[in-house]
Structure formats: C-alpha cells, structure tokens
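The form predicted on its own is given below as one chain in structure tokens.
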C-alpha cells in the first residue's frame, strides 16, 4: 500500500505491476532459464531476477558488431553475493575463485557495498553458479531488488574492540530482513516446483508470505550501514538507514547504543532537480537489543508511505522530505511503541583503509590489500587462492573496494606476506595517496545505465593527475576521488572531495567540496567536460590548495573556504551554481 501524500504519483509504476503478479518473485524465471533459443530472459523476469541477486546485461563493446551481424546482444549476467559486513571464510573464498574462473569472465569484483560480483555469467550457468555458492552457505538473495540489500559494517578489526559485536548486529539485521519467499530455493536449488494436486496451481507461491515486505516488497531498494567511530568507512550518511555504534567504558570496548540516522542516498537523474543525493539525519538513539526492531519499523514506514508510482521519487529520503523529519520520527516512534532516546555524542576522523599489516585487539594480524577499481584478475586471484588454502582466519571486503586478509595467526604471517608479495598483492602500498583513496563503479562495458567509462578509465585519469599532484607537493595528501559512469552514484561520487559522473563517452561532470569525513555533499563545479578540461581545471586548484591551505585542512574544506564551491549540507541544496572563486586564487 502507499501513503496519501499529494506529491506521489496517482498510478502504480510498471515495476509494481510486475511484483504484484510475480507470485512472490517467481514470475517465469524458471521457464526462461530453460529456453534454449535465447541467451536472455523475459523483460519482466529481468526485473524479478534482481531480487535473486542477478542483473541481465549485455556486452556493450560488442553491441554494434552483433547488430550488424543480425545477432541478438551478447547477453550475460552479473551475479552478486550478499555477505553482511563483507566477511567470508577461506572455503567460501575458494568457491568464489573457482566460479570466477569457470563460470564468469575470469575476474572477481569487490563492490562499494562489501559484496562480491561475478560478471559474464551465461544464462545456462546461472543455476549451477548460485547452487554452488549455496553449498558453501553463500547467498545471492536480496543482494539486489526492492528490499534491504547487503548490510554494511566497519570491517577493520584493528580499529575497535566492539567490531565483533557490531558484526553480529549486521548479521542479525541481514537475516531478519531477508525475504521469506520460497521462490529462491525453488528456482535455484532443489528445482522442485510444488503444485496443487487438484488444479495445478503453484501451491508454494500460494502459501508464501512476506510478513515485513508484503507481496509487492518495497517501493525501491533500501540500504543499511553500521559505522564504528572514529571511522566512517561505510559512508554512514549515504545510507537509507544508518546506525552509529556508541561504545562505553573508558576504552570504548563495550557497545552501549546506536545513534539512528535516516534518509541518505546517492542517486539522481540529470535534468530533474526534484532528484538529488542526500545525507541521512540523526533522529535519536536506541539500545543494541532494539536495533532490529528499529530497522523493521523504518522499513515498514517506507513500505507503507514510499512512492510506488514514480521510482525516481521512491527512496526513503523523498518519503521523509515530503512529510518532514518530525513526522517521520513520530511515525517511527508510533510503530515502535516507544520513543527513540536522544542522540549520543560521537566523532568521525577518517573514512578510508589503512593498508599493510596491523595487529588487532585479539592479537591476530590483518593485512589490508589495495585493489584498484575493486577488480581482482588472474594473478591476484591465484595469490589469494594460495593464501586461502593455508589461512585460518577470514577475508573481509572494505567499503573502499579493498580486501583484508583478517585474523592471521602469528605462525602464518610470514608465509602469507611472501605469497602476497610474490603475486603483486602488496604493490598498492607504493601508490600515491590520491590513487589509494580513489573508487569507481563498473560502468562500461556491462552496465546498461553507463553514459561514460569509470572503472576502466579512472586509472588512466589518475596517471595524468598524479604528476600534477606531485608537482604541487601533494603526493602524500589524502584526497578522496570518486567516479561514476552515470548519475546514479554507485561509487558514492557525491561524497568525493573530487567527484565525477559520466555525461557521455569521454565527458564528465566535475564536483568539488565534499567533507573528508562523509558529512557534506560536494557541489557541481564544471559540467560536461573532457579529460583535457578536467586536468586544466584541477591543476590551478590543486596548486592553490598546496600553497594556501591551513595546517591539517582537507581539500574539500579548502575549496569551500576558498570560494570555488559552496557548502552543500543537504540534498535540497545540491542543485545550484558553484560560487565565484575568491581573491585567494
């Protein structure tokens, strides 16, 4: 159902129709997988497949050639794993490595939501791929679609004694908020379709129920993250629902509460000023044992009041914007049957990863590896598989698309270090701070929304930017760079001190001025510019920053103080002109 706000569309979107008729996410996916005449599935089923963790795509590099040859597009599928907090065992890692080599394109991608993605999986291999994951207790259910997706949390075990408690909370949220439909097992695992013996109806579908989501699930995707101060590595204010862990005792080693933040999100649409990225707002706090109840109440409110007519207006931030934060907090308290407590003090100091070896609070060792673009290819995968065969800890994906070989025993440290070095896995420690802090989405050739390159192009652009940074003496200065191939914001470009979103092949919008701690959006500075224009624009600004910054001043703060852009604290203020450059230039 939907709320009665006048800003909502009066009719349901086409996706709502698809969900309503899907019989709890079944559609005709099963039949489409068995169709030998095409490498694709039906359009409606492609929407439903997202709930099962897959996206139907085609290789856009080959699109024109295949069209000229009168062939259908080179259909393939991306399969995404749901792994709360980005943690997997060595056995699960080896399964993903095997599937990357045998069922996908030979690579494994680490996402900005601490998930794994396999690219290039053919339709004929989908069932076997997902079943193989399930055999090692991995799941793709709810990795995509109009449901709560992968729950993020701080993955760095060296950073806080309460990490284990927070990870347990992420696991609890992920399990409780997972869809309950039996369609996933029916389609991908045992393959048995339960029919009513009298009239052939789908008995399993008729007996299914979704006590939280209902038969049409949420109006749009929903994202949850848990941050552990002083690190905001999960970009907590970009989440629909964020929980900020508050530690007690003198050393903060005991989890006592969570601050609750609502209404973040990164996507927008060019030319539509009613769409915008937004930062979540802290509306109160709750006890750790109340965490799941708060999440369910927030999701239920969004289920009932989110816009089901206009998907561009369907995220939680617009539900809150339409009615106000006070209304939403009151509605949340009403559903809970008790009131959130006032927010508790906290402070963030960093957002990224500490590369190399660290010792954790449990006296285990942790090796954080830089993974450019989040893409692991043959040589890196070979080294990590070798590590997985002797490793007694786990592997952890970071929100910056890097990888932690975590909880390494003292006896294994030297051997793992040697394997990592032999396969070039530690070379990232020698990169500039600019490159280490950069992140990009997949974009071409597989993302159907991409307008420009991102993952394949950002390293090339950094090759051109690094000499400029070096000549300004900033090679050791952390500056957050984010690039997305379109305005939807999968790489969280609007939280980059330097952000890029693709406009057309070879052309990007340039944004400046986000807060280094993820607490301020950036602002459009130049629109639809080429590589030469990007370099020509950033060179004088970087040199200006090098000579005029104050001690400890971050690049994002400087460009606001120096007048290049205005400060943007909320989505309502995101669209607008950059300010005039001050006389400091």
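Quick caveat: nothing in here was measured; it's all calculated off a predicted structure. Residue numbers count along the first chain shown, from 1.
The same protein also has a form predicted in complex with a small molecule, omitted here; what follows describes it.
Residue 78 belongs to the set of residues with a heavy atom inside 4.5 Å of the small molecule in the predicted complex.
Heavy atoms of residue 488 reach within 4.5 Å of the small molecule in the predicted complex, making it an interface residue. Contact annotation for residue 285: none of its heavy atoms lies within 4.5 Å of the small molecule in the predicted complex. Within 4.5 Å of some heavy atom of the small molecule in the predicted complex lies at least one heavy atom of residue 449. Comment: 260-268 is the region of 334-342, 169-177, 301-309, 260-268 lying near the small molecule in the predicted complex, near meaning a non-hydrogen atom within 4.5 Å. Candidate site formed by 112, 117 and 315: every one of these residues places a non-hydrogen atom within 4.5 angstroms of the small molecule in the predicted complex. This chain is drawn without the small molecule; in the predicted complex, the residue among 140, 401, 231, 95 with a heavy atom within 4.5 Å of it is 401.
Only one of 123, 396, 492, 163 comes within 4.5 Å of the small molecule in the predicted complex through a heavy atom, and that residue is 492.
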